[in-house]
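A single chain, nothing else alongside it, follows as structure tokens in the form predicted on its own.
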Amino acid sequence: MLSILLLSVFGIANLFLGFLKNRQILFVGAILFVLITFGANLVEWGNPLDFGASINKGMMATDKTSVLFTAVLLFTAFLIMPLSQNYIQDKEAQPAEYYAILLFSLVGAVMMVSYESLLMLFVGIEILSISMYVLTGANKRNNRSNEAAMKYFLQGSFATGIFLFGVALLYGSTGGFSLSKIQEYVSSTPNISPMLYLGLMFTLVGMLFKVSIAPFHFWTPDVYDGAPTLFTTFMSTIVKTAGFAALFKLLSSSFGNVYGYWQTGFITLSALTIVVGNLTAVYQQSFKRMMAYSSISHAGYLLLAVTAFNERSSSAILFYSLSYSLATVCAFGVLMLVSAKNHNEEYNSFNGLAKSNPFLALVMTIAMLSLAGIPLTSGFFGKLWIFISAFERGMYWVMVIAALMSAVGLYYYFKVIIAMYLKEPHSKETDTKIEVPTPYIIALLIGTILTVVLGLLPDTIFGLLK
């Protein structure tokens, strides 16, 4: 609750900072606001505050899991903020509005990991979604950005309507919006109303759209490709983390007793998402679109952890979300620098990068290795724990598909590494060194070092939820 209040106040404060002539203050202020909220969130670890409890009336709650997921969201936002340096220098950009909307979107994300009522889940989803609709179309002079925003808005609105219809059916069958009320009905009613199953189906469809699960993924490639890369980074990390945390909380808190109803569907959707994401990524020539389909495949792996639905699932989702976010921020960070210089987002824009910019090449290499699940990176243990949780549930055939598709993923991730180290740049212009701002270097260093450290010491995260 404290994190939500702070982010709301800081978002408004950031708008007022926009009246100042010095734009650099906006960046510093946004970073400080996120760090202050991060510290306030950690204060609630093991000792939740009752601040605001009389206001929310039990519609939100703070526990270890919500504090940890909130920490992942805020830390990811902290790493993304330094990548916005080009907006500070662009006279046509409106960084005050961008930072404020990003802070407001974090309010929605935190609500999604802390809700105790479906009403608060809906409010959180809407705050986050509307913020992303606006930011996707932030580049008003770019037709791709405008098209992406319109597609995202229209399809997202339909998905929200489906979700809300499902919530209405759940209320009609259980008589309440709270997770405890729904759980009480599910566990104590011998003959569950068919309306509840129908409501659960519609609710899950709406949520699966938000996290890009096939076949509800069609918006993802175009939106990720058309949106400004900074906001694509935000969507592919924070939105996905909040979505899966909310999905797992809904199922684990209220619908564990009807696991058999949604298990088969989730297993099938997980396998389909992993296959579609990986196989389609192979054929992409644009690095950005490849990352879009890669995010779809990673959503499939996360859904596998949700479907396993055992004591490992929560920690596996948390660790995987963190490792995926670290690698994705680093990958998109390097892409923003390279594409700004070469005016190209295809694989060949990375040709010879190791020669001209060894630091950026190293960052990208570690990011790709982590996304591929190579040992000594955090991505390896993320996938390993998901596979272990799936194995304990007996989901063997899905594990075989997931393992095979992980091998397929090696192909398109290593295409970037091969381009950087084994191919020559197209021209002398692309062979020149890229100037990297200091905040950019710090963010990429933190993300890269943590990717390696968590690959060597994964228990530092896994042990927190035990």
Partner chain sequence: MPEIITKIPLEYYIILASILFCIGVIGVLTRKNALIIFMCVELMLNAVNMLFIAFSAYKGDAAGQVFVFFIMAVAAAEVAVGLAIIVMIYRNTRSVDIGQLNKIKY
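Worth saying up front: this structure is predicted, and the values here are computed from it rather than measured. Residue numbers count along the first chain shown, from 1.
Although it is not shown, the form predicted in complex with the partner chain is what the next lines describe.
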- Listed residue (I162, V338, M235, L179) with a non-hydrogen atom within 4.5 angstroms of the partner chain in the predicted complex: I162
- Message: Only one of V72, M81, A149, V186 gets a heavy atom within 4.5 Å of the partner chain in the predicted complex. Which one?
- Response: A149
- Message: Test of understanding: in the predicted complex, would P228 fall inside 4.5 Å of the partner chain by heavy atoms?
- Response: no
- Query: Closest heavy atom of G172 to the partner chain in the predicted complex, within 4.5 Å or not?
  - Reply: yes
- Item | K249 within 4.5 Å of the partner chain in the predicted complex, heavy atoms | no
- Answer with yes or no whether V167 is in contact with the partner chain in the predicted complex, where contact means some heavy atom within 4.5 Å. yes
- Out of the stretches listed (238-246, 321-329, 127-135, 341-349), which one is close to the partner chain in the predicted complex, meaning heavy atoms within 4.5 Å? 127-135
- Query: Hey, which residues along 109-147 are within 4.5 angstroms of the partner chain in the predicted complex, non-hydrogen atoms only?
  - Reply: L118, L119, F122, V123, E126, I130, Y133, V134, G137, K140, R141, N143, R144, N146, E147
